[in-house]
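Below, in C-alpha coordinates: the form predicted on its own, a single chain.
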Amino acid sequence: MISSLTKYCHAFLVGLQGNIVYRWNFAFRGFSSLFHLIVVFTLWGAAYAGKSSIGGFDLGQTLTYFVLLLVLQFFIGAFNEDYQISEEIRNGLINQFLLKPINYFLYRFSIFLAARLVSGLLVLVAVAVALPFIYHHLTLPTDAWRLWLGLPAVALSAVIQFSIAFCFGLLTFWFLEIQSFVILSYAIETLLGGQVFPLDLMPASIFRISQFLPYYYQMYFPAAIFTGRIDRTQAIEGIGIQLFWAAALLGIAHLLWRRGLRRHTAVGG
(Lines give C-alpha, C1' and ligand atoms only; values in the text may rest on other atoms or scores of the structure.)
Protein backbone atom coordinates (compact mmCIF):
# COMPACT_ATOMS: atom_id res chain seq x y z
CA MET A 1 0.00 0.00 0.00
CA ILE A 2 2.75 2.44 1.01
CA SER A 3 4.84 1.53 -2.03
CA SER A 4 1.84 2.18 -4.30
CA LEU A 5 1.31 5.61 -2.77
CA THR A 6 5.02 6.34 -3.15
CA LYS A 7 4.80 5.73 -6.91
CA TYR A 8 2.04 8.26 -7.37
CA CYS A 9 3.65 10.76 -4.99
CA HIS A 10 6.74 10.53 -7.17
CA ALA A 11 4.58 11.07 -10.26
CA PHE A 12 3.04 14.11 -8.55
CA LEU A 13 6.49 15.55 -7.80
CA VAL A 14 7.66 14.93 -11.36
CA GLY A 15 4.50 16.63 -12.62
CA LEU A 16 5.10 19.50 -10.22
CA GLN A 17 8.63 20.01 -11.53
CA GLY A 18 7.45 19.79 -15.12
CA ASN A 19 4.71 22.37 -14.60
CA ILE A 20 6.97 24.75 -12.70
CA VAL A 21 9.09 24.91 -15.85
CA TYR A 22 6.01 26.34 -17.63
CA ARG A 23 4.98 28.54 -14.71
CA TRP A 24 5.12 31.66 -16.85
CA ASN A 25 2.52 30.16 -19.20
CA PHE A 26 0.21 29.57 -16.25
CA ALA A 27 0.99 33.02 -14.85
CA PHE A 28 0.19 34.66 -18.20
CA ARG A 29 -3.07 32.71 -18.41
CA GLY A 30 -3.95 33.70 -14.84
CA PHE A 31 -3.29 37.39 -15.35
CA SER A 32 -5.08 37.29 -18.71
CA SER A 33 -8.14 36.06 -16.84
CA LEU A 34 -8.25 39.41 -15.07
CA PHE A 35 -9.47 40.88 -18.34
CA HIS A 36 -12.29 38.34 -18.19
CA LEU A 37 -13.15 39.69 -14.73
CA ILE A 38 -13.21 43.24 -16.11
CA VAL A 39 -15.77 42.12 -18.69
CA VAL A 40 -17.81 40.28 -16.03
CA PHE A 41 -17.83 43.28 -13.69
CA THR A 42 -18.81 45.59 -16.55
CA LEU A 43 -21.62 43.42 -17.92
CA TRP A 44 -23.15 42.48 -14.58
CA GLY A 45 -22.77 46.03 -13.31
CA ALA A 46 -24.87 47.12 -16.29
CA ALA A 47 -27.36 44.29 -15.70
CA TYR A 48 -27.86 45.41 -12.10
CA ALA A 49 -28.23 49.08 -13.02
CA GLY A 50 -31.33 50.29 -11.17
CA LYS A 51 -31.89 46.88 -9.58
CA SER A 52 -31.10 45.74 -6.06
CA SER A 53 -31.15 42.04 -6.92
CA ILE A 54 -31.46 39.54 -9.77
CA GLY A 55 -32.75 36.08 -9.00
CA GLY A 56 -32.71 36.91 -5.30
CA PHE A 57 -29.00 37.80 -5.22
CA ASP A 58 -27.41 41.24 -5.11
CA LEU A 59 -24.52 42.48 -7.26
CA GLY A 60 -21.89 41.67 -4.65
CA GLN A 61 -22.99 38.03 -4.40
CA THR A 62 -22.98 37.61 -8.16
CA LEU A 63 -19.54 39.19 -8.61
CA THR A 64 -18.16 37.07 -5.77
CA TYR A 65 -19.51 34.01 -7.55
CA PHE A 66 -17.58 34.81 -10.74
CA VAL A 67 -14.34 35.64 -8.89
CA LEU A 68 -14.52 32.33 -7.02
CA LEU A 69 -15.40 30.54 -10.27
CA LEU A 70 -12.21 31.90 -11.82
CA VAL A 71 -10.12 30.58 -8.93
CA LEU A 72 -11.81 27.18 -9.05
CA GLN A 73 -11.19 26.88 -12.79
CA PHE A 74 -7.45 27.10 -12.21
CA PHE A 75 -7.46 24.81 -9.17
CA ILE A 76 -9.68 21.99 -10.44
CA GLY A 77 -10.47 22.61 -14.12
CA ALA A 78 -9.23 20.07 -16.68
CA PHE A 79 -7.40 22.20 -19.25
CA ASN A 80 -5.75 19.85 -21.75
CA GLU A 81 -5.53 16.49 -19.99
CA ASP A 82 -7.74 14.89 -22.64
CA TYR A 83 -5.35 15.93 -25.41
CA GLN A 84 -2.31 14.77 -23.42
CA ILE A 85 -3.86 11.32 -22.91
CA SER A 86 -4.84 11.20 -26.58
CA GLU A 87 -1.29 12.03 -27.61
CA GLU A 88 0.18 9.29 -25.41
CA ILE A 89 -2.18 6.74 -26.95
CA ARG A 90 -1.46 7.82 -30.54
CA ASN A 91 2.31 7.80 -29.98
CA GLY A 92 2.27 4.48 -28.16
CA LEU A 93 3.66 6.03 -24.98
CA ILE A 94 1.07 4.19 -22.87
CA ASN A 95 2.87 0.92 -23.70
CA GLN A 96 5.34 1.62 -20.93
CA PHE A 97 2.48 1.65 -18.41
CA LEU A 98 1.24 -1.73 -19.61
CA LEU A 99 4.52 -3.34 -18.62
CA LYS A 100 4.75 -1.79 -15.15
CA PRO A 101 2.60 -2.08 -12.01
CA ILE A 102 1.25 1.44 -12.47
CA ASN A 103 -2.39 2.43 -12.71
CA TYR A 104 -2.55 4.80 -15.69
CA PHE A 105 -5.58 6.66 -14.33
CA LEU A 106 -3.88 7.34 -10.98
CA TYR A 107 -0.67 8.32 -12.75
CA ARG A 108 -2.44 10.87 -14.95
CA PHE A 109 -4.52 12.08 -11.99
CA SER A 110 -1.30 12.73 -10.03
CA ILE A 111 0.02 14.81 -12.93
CA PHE A 112 -3.33 16.62 -13.09
CA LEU A 113 -3.16 17.53 -9.39
CA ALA A 114 0.39 18.83 -9.78
CA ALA A 115 -0.59 21.03 -12.72
CA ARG A 116 -3.64 22.39 -10.93
CA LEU A 117 -1.61 23.21 -7.81
CA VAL A 118 0.81 25.31 -9.85
CA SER A 119 -1.89 27.06 -11.92
CA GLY A 120 -4.11 27.57 -8.86
CA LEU A 121 -1.38 29.22 -6.78
CA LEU A 122 -0.45 31.48 -9.69
CA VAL A 123 -4.05 32.62 -10.25
CA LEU A 124 -4.21 33.48 -6.54
CA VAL A 125 -1.33 35.86 -7.16
CA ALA A 126 -3.28 37.46 -10.00
CA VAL A 127 -6.41 37.78 -7.84
CA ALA A 128 -4.34 39.23 -4.99
CA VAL A 129 -3.11 41.94 -7.37
CA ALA A 130 -6.71 42.76 -8.34
CA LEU A 131 -8.10 42.47 -4.81
CA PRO A 132 -7.49 46.10 -3.75
CA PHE A 133 -9.68 47.19 -6.66
CA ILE A 134 -12.50 44.66 -6.28
CA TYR A 135 -12.68 43.70 -2.59
CA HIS A 136 -15.45 46.21 -1.82
CA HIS A 137 -17.63 44.42 -4.40
CA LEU A 138 -17.16 40.98 -2.83
CA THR A 139 -19.25 39.38 -0.13
CA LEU A 140 -18.94 35.88 1.30
CA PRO A 141 -21.25 34.15 3.79
CA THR A 142 -19.71 33.33 7.17
CA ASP A 143 -21.45 29.99 7.85
CA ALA A 144 -18.81 27.49 8.98
CA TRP A 145 -20.62 24.55 7.39
CA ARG A 146 -20.00 26.02 3.94
CA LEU A 147 -16.29 25.36 4.38
CA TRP A 148 -16.73 21.79 5.62
CA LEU A 149 -19.12 20.92 2.82
CA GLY A 150 -17.46 23.10 0.19
CA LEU A 151 -14.03 21.46 0.40
CA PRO A 152 -15.32 17.90 -0.26
CA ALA A 153 -17.44 19.34 -3.08
CA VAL A 154 -14.30 20.86 -4.62
CA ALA A 155 -12.43 17.53 -4.33
CA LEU A 156 -15.28 15.59 -5.93
CA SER A 157 -15.56 18.23 -8.64
CA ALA A 158 -11.89 17.69 -9.49
CA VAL A 159 -12.47 13.94 -9.76
CA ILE A 160 -15.51 14.47 -12.01
CA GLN A 161 -13.72 16.91 -14.28
CA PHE A 162 -10.62 14.77 -14.65
CA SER A 163 -12.68 11.61 -15.21
CA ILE A 164 -14.59 13.27 -18.05
CA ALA A 165 -11.32 14.45 -19.63
CA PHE A 166 -9.83 10.96 -19.15
CA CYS A 167 -12.79 9.34 -20.90
CA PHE A 168 -12.54 11.71 -23.84
CA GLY A 169 -8.81 11.02 -24.08
CA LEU A 170 -9.48 7.27 -24.21
CA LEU A 171 -11.74 7.76 -27.23
CA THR A 172 -8.49 7.88 -29.21
CA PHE A 173 -8.54 4.08 -29.09
CA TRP A 174 -11.50 4.29 -31.51
CA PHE A 175 -11.17 7.71 -33.19
CA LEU A 176 -8.09 9.24 -34.77
CA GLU A 177 -9.11 12.75 -33.70
CA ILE A 178 -11.07 13.67 -30.54
CA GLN A 179 -11.10 17.45 -30.95
CA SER A 180 -14.74 17.62 -32.06
CA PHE A 181 -15.84 15.63 -28.99
CA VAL A 182 -13.82 17.84 -26.65
CA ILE A 183 -15.11 21.08 -28.19
CA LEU A 184 -18.72 19.90 -27.92
CA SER A 185 -18.21 18.85 -24.30
CA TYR A 186 -16.52 22.15 -23.47
CA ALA A 187 -19.40 24.14 -24.98
CA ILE A 188 -21.95 22.18 -22.93
CA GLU A 189 -19.80 22.43 -19.80
CA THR A 190 -19.43 26.20 -20.21
CA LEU A 191 -23.19 26.66 -20.39
CA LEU A 192 -24.44 24.01 -17.94
CA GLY A 193 -21.50 24.44 -15.58
CA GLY A 194 -22.51 27.98 -14.71
CA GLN A 195 -19.58 29.71 -16.37
CA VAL A 196 -21.71 31.99 -18.54
CA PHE A 197 -24.24 32.88 -15.82
CA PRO A 198 -25.27 31.39 -12.47
CA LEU A 199 -27.48 28.41 -13.19
CA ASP A 200 -30.11 29.47 -10.66
CA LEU A 201 -31.09 32.24 -13.08
CA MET A 202 -32.46 29.66 -15.51
CA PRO A 203 -36.17 28.68 -15.45
CA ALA A 204 -36.87 26.52 -12.40
CA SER A 205 -37.67 23.38 -14.40
CA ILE A 206 -34.49 23.56 -16.49
CA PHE A 207 -32.42 24.37 -13.41
CA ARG A 208 -33.81 21.31 -11.64
CA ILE A 209 -32.91 19.08 -14.59
CA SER A 210 -29.37 20.48 -14.66
CA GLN A 211 -28.93 19.41 -11.02
CA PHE A 212 -28.93 15.78 -12.12
CA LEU A 213 -26.25 16.26 -14.80
CA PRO A 214 -22.50 16.03 -14.10
CA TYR A 215 -21.80 19.48 -15.56
CA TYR A 216 -23.67 21.12 -12.66
CA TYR A 217 -21.13 19.63 -10.27
CA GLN A 218 -18.02 20.63 -12.18
CA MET A 219 -17.93 24.31 -11.24
CA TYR A 220 -21.29 25.73 -10.27
CA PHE A 221 -21.98 23.47 -7.28
CA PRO A 222 -18.83 24.15 -5.19
CA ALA A 223 -18.98 27.85 -6.10
CA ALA A 224 -22.65 27.97 -5.06
CA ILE A 225 -21.84 26.46 -1.68
CA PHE A 226 -19.10 28.98 -0.91
CA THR A 227 -21.06 32.00 -2.15
CA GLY A 228 -24.36 31.22 -0.41
CA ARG A 229 -26.44 30.39 -3.47
CA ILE A 230 -27.65 27.10 -1.95
CA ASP A 231 -28.56 26.08 1.61
CA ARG A 232 -27.21 23.23 3.72
CA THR A 233 -29.86 20.70 2.72
CA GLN A 234 -29.23 21.35 -0.98
CA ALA A 235 -25.47 21.10 -0.40
CA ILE A 236 -25.73 17.71 1.32
CA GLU A 237 -28.08 16.42 -1.38
CA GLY A 238 -25.71 17.71 -4.04
CA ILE A 239 -22.68 15.98 -2.54
CA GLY A 240 -24.63 12.72 -2.66
CA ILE A 241 -25.26 13.22 -6.38
CA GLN A 242 -21.62 14.21 -6.82
CA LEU A 243 -20.56 10.90 -5.29
CA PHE A 244 -22.83 9.09 -7.73
CA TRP A 245 -21.38 10.86 -10.76
CA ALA A 246 -17.80 10.40 -9.55
CA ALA A 247 -18.38 6.66 -9.15
CA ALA A 248 -20.23 6.40 -12.47
CA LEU A 249 -17.54 8.24 -14.41
CA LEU A 250 -14.78 6.20 -12.78
CA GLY A 251 -16.65 3.08 -13.86
CA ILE A 252 -17.01 4.36 -17.42
CA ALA A 253 -13.31 5.27 -17.50
CA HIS A 254 -12.38 1.77 -16.32
CA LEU A 255 -14.63 0.19 -18.96
CA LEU A 256 -13.21 2.36 -21.77
CA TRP A 257 -9.67 1.57 -20.65
CA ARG A 258 -10.24 -2.20 -20.67
CA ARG A 259 -12.07 -2.16 -24.01
CA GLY A 260 -9.56 0.24 -25.49
CA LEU A 261 -6.59 -1.87 -24.46
CA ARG A 262 -8.08 -4.90 -26.19
CA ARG A 263 -8.37 -2.86 -29.35
CA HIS A 264 -4.92 -1.36 -28.86
CA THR A 265 -3.18 -4.72 -28.39
CA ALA A 266 -5.13 -6.21 -31.33
CA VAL A 267 -3.89 -3.42 -33.63
CA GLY A 268 -0.37 -3.60 -32.33
CA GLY A 269 -0.18 -7.43 -32.31
Partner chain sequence: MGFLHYLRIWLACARYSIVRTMMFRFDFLMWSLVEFFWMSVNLLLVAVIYEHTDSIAGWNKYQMLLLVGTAMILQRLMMGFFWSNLFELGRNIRSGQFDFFLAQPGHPLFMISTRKIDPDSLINSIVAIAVVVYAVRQLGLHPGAVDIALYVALLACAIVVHYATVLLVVSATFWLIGSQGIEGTYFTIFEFSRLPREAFRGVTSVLFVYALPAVVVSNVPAQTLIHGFQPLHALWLLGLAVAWLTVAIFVFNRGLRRYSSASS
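Numbering follows the first chain given and starts at 1. Computed from a prediction, not measured in an experiment: that's the story for all the values here.
In what follows, reference is made to the form predicted in complex with the partner chain, a form of this protein that is not presented.
Against the partner chain in the predicted bound form, the set 32, 184 and 187 is in full contact: each member has a heavy atom within 4.5 Å. Residue 191 is the only one of 124, 106, 191, 154 with a heavy atom lying within 4.5 Å of the partner chain in the predicted bound form. Partner contact region in the predicted bound form: 41-49, out of 238-246, 211-219, 225-233, 41-49, criterion any non-hydrogen atom within 4.5 Å of the partner chain. Under a 4.5 angstroms non-hydrogen atom cutoff, the partner chain in the predicted bound form lacks residue 95 among its neighbouring residues. Within 4.5 Å of some heavy atom of the partner chain in the predicted bound form lies at least one heavy atom of residue 201.
The closest non-hydrogen atom of residue 79 lies beyond 4.5 Å of the partner chain in the predicted bound form. Shown alone here, residue 179 lies within 4.5 Å of the partner chain in the predicted bound form, counting heavy atoms only.
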